[in-house]
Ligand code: PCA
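To begin, one chain is listed below as structure tokens, in the form predicted on its own.
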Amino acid sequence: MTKLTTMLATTATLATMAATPVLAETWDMPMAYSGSNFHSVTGAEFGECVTTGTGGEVEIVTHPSGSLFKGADIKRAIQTGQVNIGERLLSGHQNENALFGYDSIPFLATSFDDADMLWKAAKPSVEKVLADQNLTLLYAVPWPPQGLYFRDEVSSVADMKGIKFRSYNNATSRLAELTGMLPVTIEAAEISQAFATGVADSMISSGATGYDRKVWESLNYFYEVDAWLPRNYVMVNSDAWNGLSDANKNVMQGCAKLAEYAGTWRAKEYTGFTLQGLRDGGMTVAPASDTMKGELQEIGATMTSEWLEAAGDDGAAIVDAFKAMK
């Protein structure tokens, strides 16, 4: 009888516990790029991983295409607690701190392997800057190498003069200035419309962006210059992070590692696929001419010197550490 009473009491306790609803949190996660973009797909999978892994205690809901906040506003929204988590291209905030532009130094890291080494060199400094801004980094995923898109054929920097050029950070604006193009700030979600209406006639971006936005409907040429491989960063408001249980932090960090791996793999696989997609859409996809490459290298050297001057000792330490790894 005593054993039966104990079993019944235990069963009743477990039933009560099971009936008690878990206090769930919904974390909205703004993302700047289309839902079909590999960054957004990876983010959605990360959200599902966290939601499942925490037993629904933290539910992450992604909002792609700048539908919740425009790309330029996402970082600020996370910092101020308007949302707990989000994804942002940090080089778009180089005005806040020059270190955020480390991944957009022209022709410093031009391959996935180089970009990975550069990230390892920069990560401690970037995380420190983010921490000072009430942000905790979860994971970062590279874009494929950046190439130049144009409406008309271009064979040298002289041919670029006066062309309206889509800008999205300091590096792209400066590139436009040094080539004689006219920088126009355009969010990722607005690219298709901008090209269709003639607001811009060119940009520097990966094959992935052009493929996702079907730019072959307006542009005709993509030149493979492998200028840099920028990264998207998924960040959490540090107050929200500190409010999580250790168990849920562990889940989120585990899901972040998986997302970083999957996203990087997708970036590599997507490179060839999307360039072929541009060709299939009717675009000419080819390496830049030797003349253009040489002229762009000179411009890259100028921009590198300017960045090192702005970033100071911390920037020099990143570049030195990167070069030591090669």
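Numbers follow the displayed sequence, beginning with 1. This one's a predicted model, so the numbers in the text were calculated from it and none came from an experiment.
The same protein has a further form, the form predicted in complex with pyroglutamic acid (PCA), not shown here; the description that follows concerns it.
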Checklist line | Proximity to pyroglutamic acid (PCA) in the model of the complex, single hit among W143, Y102, F165, Y139 (heavy atom within 4.5 Å) | finding: W143
Next item on the list: Could you tell me which one of S218, S202, S206, N237 places a heavy atom within 4.5 Å of pyroglutamic acid (PCA) in the model of the complex?
Entry: S206
Check: Would pyroglutamic acid (PCA) in the model of the complex be within 4.5 angstroms of a non-hydrogen atom of every residue among P106, A176 and M303?
Finding: no
Check: Quick one: which of 73-81, 116-124, 165-173, 244-252 gets within 4.5 Å of pyroglutamic acid (PCA) in the model of the complex, going by heavy atoms?
Finding: 165-173
Notebook entry, point to check: Does P230 reach pyroglutamic acid (PCA) in the model of the complex, with heavy atoms at most 4.5 Å apart?
Noted result: yes
Check: Heavy atoms within 4.5 Å of pyroglutamic acid (PCA) in the model of the complex: does A188 have any?
Finding: yes
Notebook entry, point to check: Is the gap between Y33 and pyroglutamic acid (PCA) in the model of the complex 4.5 Å or less for some heavy atom pair?
Noted result: yes
Checklist line | Partner contact for L89 in the model of the complex: pyroglutamic acid (PCA), 4.5 angstroms, heavy atom | finding: yes
